[in-house]
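To begin, one chain is listed below as structure tokens, in the form predicted on its own.
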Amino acid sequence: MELSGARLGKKVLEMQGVSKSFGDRTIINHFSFLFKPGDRIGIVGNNGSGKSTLLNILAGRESIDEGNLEKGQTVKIGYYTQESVDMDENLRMIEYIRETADSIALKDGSFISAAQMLERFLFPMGSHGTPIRKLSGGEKRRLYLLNILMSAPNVLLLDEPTNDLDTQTLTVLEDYLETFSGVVITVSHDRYFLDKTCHQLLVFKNKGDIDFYYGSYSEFLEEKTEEAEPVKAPEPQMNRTEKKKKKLTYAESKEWEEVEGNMERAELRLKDITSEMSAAGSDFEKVRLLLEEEKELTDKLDHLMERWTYLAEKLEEE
């Protein structure tokens, strides 16, 4: 699914000596940075360090105290925020998406409809008439993400997307970002997601200082560990279960509980598909649909296995 998006010129965003404070607290201190076409940048740092404030400044939602922010004339920003979304909950899903666009262009010159995009974002055709008020919180967040992408942005700002999007939605988002030709700027604590979607980091430090790091988040964490003091105070003794709980975030713990079951279900469905294709005979349309489902399930299973390996290794870390 290669969406064309709005054309992005040579100039994207440039910050020159930007500073931002709230009261006596400095969030950003004389920061300069040039965002270039094709950039995939992760923003990391402690909670409350100012990461979301930087996104708000880039999106034009927050003013700066000093310095200058220049935005290219062709820049069209899509901003996925952590804030609650103001939706007209009496609208049906398809109406909500069509308010943004009836269809969206692909790179090959064809178009994909709002209904087809809903299906790609895990909303079956039969559910498109459902009023938004009947959706779960997670489904509303997924619909909100799709609505942003339907606006065909060429600069995408993502604020902690892994906090409230389920694993399947994140897989769809990762697939979208692989072919997205614009700029992606992501605030996240999720190492796996950042490794998949970013190759540069802005690292928030104390007193509004921001460092630049070229490389993946995993590489950054490894270097940071190597630079740390070699002598550590002994950790209090605890059993292995307690250690495991401490290693995973809350979202990762939930994912760990579900990942093996999801893998088993995918494997069972793949076996069923093989049987159904054998029984389909000359019903070529049914075979085509089964082959499409088989490919989607195979990709999903590969992703689940990657996540299982990552989480298992994290659990084994001492």
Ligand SMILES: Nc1ncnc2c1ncn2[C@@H]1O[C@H](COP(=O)(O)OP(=O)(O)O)[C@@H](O)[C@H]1O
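Everything numeric in this text was worked out from a predicted model, so none of it was measured. In this text, residue numbers run from 1 along the sequence as written.
From this point on, the text means the form predicted together with this ligand, which you will not see here.
When this ligand is considered in the predicted complex, only one residue from G38, G281, G48, G261 comes within 4.5 Å through any heavy atom, namely G48.
Within 4.5 Å of some heavy atom of this ligand in the predicted complex lies at least one heavy atom of I27.
This ligand is not drawn, but in the predicted complex it has no heavy atom within 4.5 Å of E257.
In the predicted complex, this ligand sits within 4.5 Å of a heavy atom belonging to S52. Shown alone here, E62 lies within 4.5 Å of this ligand in the predicted complex, counting heavy atoms only. Only one listed stretch (40-48, 271-279, 65-73, 289-297) carries heavy atoms within 4.5 Å of this ligand in the predicted complex, and that stretch is 40-48.
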